[in-house]
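Next up: just one chain, as structure tokens, the form predicted alone.
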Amino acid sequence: MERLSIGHGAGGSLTQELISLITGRFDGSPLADGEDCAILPGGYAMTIDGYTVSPLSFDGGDIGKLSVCGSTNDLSVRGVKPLYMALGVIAEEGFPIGELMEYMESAAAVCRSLGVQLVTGDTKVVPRGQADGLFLSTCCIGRVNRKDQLGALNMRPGDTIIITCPPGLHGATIAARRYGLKVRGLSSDCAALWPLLENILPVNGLRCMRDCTRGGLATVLCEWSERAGLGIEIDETLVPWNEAALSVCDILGFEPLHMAGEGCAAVAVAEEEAQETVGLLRKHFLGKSASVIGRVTEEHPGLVGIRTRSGGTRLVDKPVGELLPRIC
């Protein structure tokens, strides 16, 4: 019997296969549209995610901050204001209570900054050796703030692709910690995106947004391209790379486009409103590096290409298997 591999949780093609197997056991719902959160009747939206990051604390955040940012970001990229949260805690016997409270305070601080209320939850303590310290899960509910739903199916040929900050900072930070690399200036981009993305919701030509978590920018663009049946072309020289993150990728042999961010979003918007959108993003400190990186095209539908610094073009694909497990 085939068994799960770490790659099935990586956010790439194996994850998509696993999700299809799981959802195939349930009756299909029109509300399950394959986006980061489900838009519910009455103008509400819901999402859930689990957090198993190792190490639990890292430059730029910890598992508590990550757990709130990750789930609220899944709402934010669909134009949904986060309002309520349920928190699940699975801790291992012997885990220090003081350390657990530090992570809870980190989570609470993000909730306070967003006005999100913790309304229910669950705690489990499992025997020593049956969990690696601490796992968290968060389910968030919010209110839709746009009349039209944001999603990849809205994309049109000629639309502009924008990224809000350098890609891959979270993945590179975790990788550096795991492999004992000391890289000056490298820190996770872990952040709640609602205050940034709220600013561009009034843009009429806004098509879709997605936070570039597991599988990185490459996976987001590939999924958009496949769902919309359109091509996407990006330019390597336009991406606001972070040199510290690139150095980690160079040393470890990782593809930077596959590295995860936890405060980085890709945005697709009508061409005529692209510069306005970039300007709005740059007004917030989380979007000061926001840049146009490419466009949507009718050519090569379902595929993503990147124009390289040397003038060539290569295919961008989703990662197969796991580059680095337990980054989130």
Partner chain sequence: MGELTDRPIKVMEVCGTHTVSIFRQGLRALFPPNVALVSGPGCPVCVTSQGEIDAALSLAGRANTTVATYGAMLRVPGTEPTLAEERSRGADVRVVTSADQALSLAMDDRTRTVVFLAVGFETTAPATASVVLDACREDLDNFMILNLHKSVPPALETLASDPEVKLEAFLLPGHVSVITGLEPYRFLPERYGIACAVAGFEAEEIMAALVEVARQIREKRPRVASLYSRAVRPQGNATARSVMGKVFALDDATWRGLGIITSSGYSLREEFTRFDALERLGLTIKEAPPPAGCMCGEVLKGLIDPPACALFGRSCTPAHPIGPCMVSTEGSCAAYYRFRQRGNVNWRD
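Numbering follows the first chain given and starts at 1. The structure displayed is predicted, hence computed values, not measured ones.
Below, we turn to the form predicted in complex with its partner chain, even though it does not appear here.
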Joint contact, 255, 299 and 313 to its partner chain in the predicted complex, by non-hydrogen atom at 4.5 Å: yes
Among 247-255, 136-144, 195-203, 114-122, the region lying within 4.5 Å of its partner chain in the predicted complex by heavy atom distance: 247-255
Its partner chain contact in the predicted complex: residue 284, any heavy atom under 4.5 Å: no
Exercise: residue 211 in contact with its partner chain in the predicted complex, heavy atom 4.5 Å: no
is_contact(residue 306, its partner chain) in the predicted complex, heavy atom dist at most 4.5 Å: yes
Exercise: residue 10 in contact with its partner chain in the predicted complex, heavy atom 4.5 Å: no
